[in-house]
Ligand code: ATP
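The data below hold one chain only, encoded as structure tokens and taken in the form predicted on its own.
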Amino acid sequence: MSFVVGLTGGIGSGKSVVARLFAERGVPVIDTDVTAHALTAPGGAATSAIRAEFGDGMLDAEGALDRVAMRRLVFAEPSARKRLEAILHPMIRSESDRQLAANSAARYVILVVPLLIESGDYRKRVDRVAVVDCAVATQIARVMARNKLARDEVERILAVQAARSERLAAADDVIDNDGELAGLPPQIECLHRQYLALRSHVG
């Protein structure tokens, strides 16, 4: 079984960029966000269950999850998030396990889970936790620019995620992404060497 590094961080922290830097070093990356998008794309495995639970209004013209409509519903009706998670999380977990098994020969694997800390059982799933960190103000600015969301919408998303302090308390490794992107590769190279050494140490 591979040594599994759980990569997490709040929205807008830069998890995707960090994951790509690990992938460039030949490390298998299993991204649960990518899995979730595949499950909720047109014809995705979760779309029929979403339609049955929420109605046709939560799917767009192509049959994919309408993320804008779902975001509005979740803000208006918090229990909707739990209903959506009850559909998606078991499917995401199953696909993650399948991909982990498929990469069992790798020296180590990066498992990207945005809500890793919130899941509660993360220590059972990963050998090490790496947190991509930046200031909350930086998160807000990035998400507003990237997703074209209003500040209050971003703040509501942040409110249902673990606090920055909670993620940092759970971290074995912290990747600072509050500055220029040029600061990331040296950090990732250092961690890459560290994880290879740790994997060798644990056999």
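Start at 1 with the first residue shown and count on from there. Predicted model, so just to flag it, every value in this text is computed and none were measured.
Keep in mind that the form predicted in complex with adenosine-5'-triphosphate (ATP) is missing from the display, and what follows is about it.
The closest non-hydrogen atom of T35 lies beyond 4.5 Å of adenosine-5'-triphosphate (ATP) in the predicted bound form. Among residues of the shown chain, I188 is not one whose heavy atoms approach adenosine-5'-triphosphate (ATP) to within 4.5 Å in the predicted bound form. In the predicted bound form, adenosine-5'-triphosphate (ATP) lies within 4.5 Å of some heavy atom of N177. Using a 4.5 angstroms threshold between heavy atoms, R146 counts as touching adenosine-5'-triphosphate (ATP) in the predicted bound form. The three marked residues, G10, V17 and R142, each reach adenosine-5'-triphosphate (ATP) in the predicted bound form, with a heavy atom inside 4.5 Å.
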